[in-house]
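In structure tokens, the next block holds one chain alone, the form predicted alone.
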């Protein structure tokens, strides 16, 4: 790169910096108006939940949450496209196995609690789904190669459950005249709970499957003792 071109690029970068500083200064000088927090709290009774965080995630900016579920789905599909997963870890010893028998059910139970309480207290689908995913990680570390997940066919249905239910409810609301993801006031609570339940399952399965690190292998059915033996000559 010659000297004149470097000088031109430096001048353009400096002008861009001055322009951005001017925009930033003019933005600070404007009247900020009403804060978003106060607007969110003002409309909270219409959201269907009493937890402002859940109201923001599932009502005020439901589009963003739907796209976040789509990102998780795309990430897992990318992992599966890399090929089969590596073998699992060694089976757990007696002490670790006993701990897993206690920790995994507690994680699932706590996840269900966080899902339910998210409507009026800290919690919700992402926290609950993260606990379900952590339960799968613990099982994988303890020697369960599939992280406690169902078959590949069921995994495919479950990982699209969150975005699928979210989109389906939005389309049904749009067709009935409320607008996409614009909940009727009397049904907002239960629609949000349905969406969060589906999202919790999808997030948990997605995170656990992502930790496995590859496409799940189809289980081979046990060979029947009555099945005919292959002809050795056919292999030659």
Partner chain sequence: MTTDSLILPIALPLLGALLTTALPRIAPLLGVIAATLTALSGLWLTGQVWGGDALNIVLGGWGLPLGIGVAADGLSASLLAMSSLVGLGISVYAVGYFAGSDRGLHFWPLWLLLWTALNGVFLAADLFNLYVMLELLGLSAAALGALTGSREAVAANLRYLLVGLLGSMSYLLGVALIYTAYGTLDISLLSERIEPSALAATSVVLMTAGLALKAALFPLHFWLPPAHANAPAPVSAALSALVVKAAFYLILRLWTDLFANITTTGAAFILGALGAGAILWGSWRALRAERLKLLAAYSTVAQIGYLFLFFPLLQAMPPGPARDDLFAACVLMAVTHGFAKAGFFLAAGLVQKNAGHDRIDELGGAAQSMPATTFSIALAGSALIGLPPSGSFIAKWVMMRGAFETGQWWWLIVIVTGTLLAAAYIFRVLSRAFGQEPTPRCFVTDARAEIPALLLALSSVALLGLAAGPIWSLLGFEGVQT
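Since we're looking at a predicted model, the values are computed, not measured. Residue numbers count along the first chain shown, from 1.
Heads up, the form predicted together with the partner chain isn't pictured, but that's what we're talking about next.
J.: With the partner chain left out of view, which of 109, 97, 103, 77 would have a heavy atom within 4.5 Å of it in the model of the complex?
T.: That would be 77.
J.: Is there a non-hydrogen atom of residue 139 within 4.5 angstroms of a non-hydrogen atom of the partner chain in the model of the complex?
T.: Taking the distances in the model of the complex, the answer for residue 139 is no, it never comes within 4.5 Å of the partner chain.
J.: At 4.5 Å between heavy atoms, is residue 171 in contact with the partner chain in the model of the complex?
T.: Because a heavy atom of residue 171 falls inside 4.5 Å of the partner chain in the model of the complex, the answer is yes.
J.: Check residue 157 for me: does it contact the partner chain in the model of the complex (non-hydrogen atoms, 4.5 angstroms)?
T.: Flag for residue 157 set to yes.
J.: Would residue 187 show up as a contact with the partner chain in the model of the complex if we use heavy atoms at 4.5 Å?
T.: Answer no; every heavy atom of residue 187 is more than 4.5 Å from the partner chain in the model of the complex.
J.: Suppose contact means any heavy atom within 4.5 Å; which members of 55 to 78 contact the partner chain in the model of the complex?
T.: In sequence order, 59, 60, 61, 63, 64, 66, 67, 68, 70, 71, 73, 74, 75, 77, 78 come within 4.5 Å of the partner.
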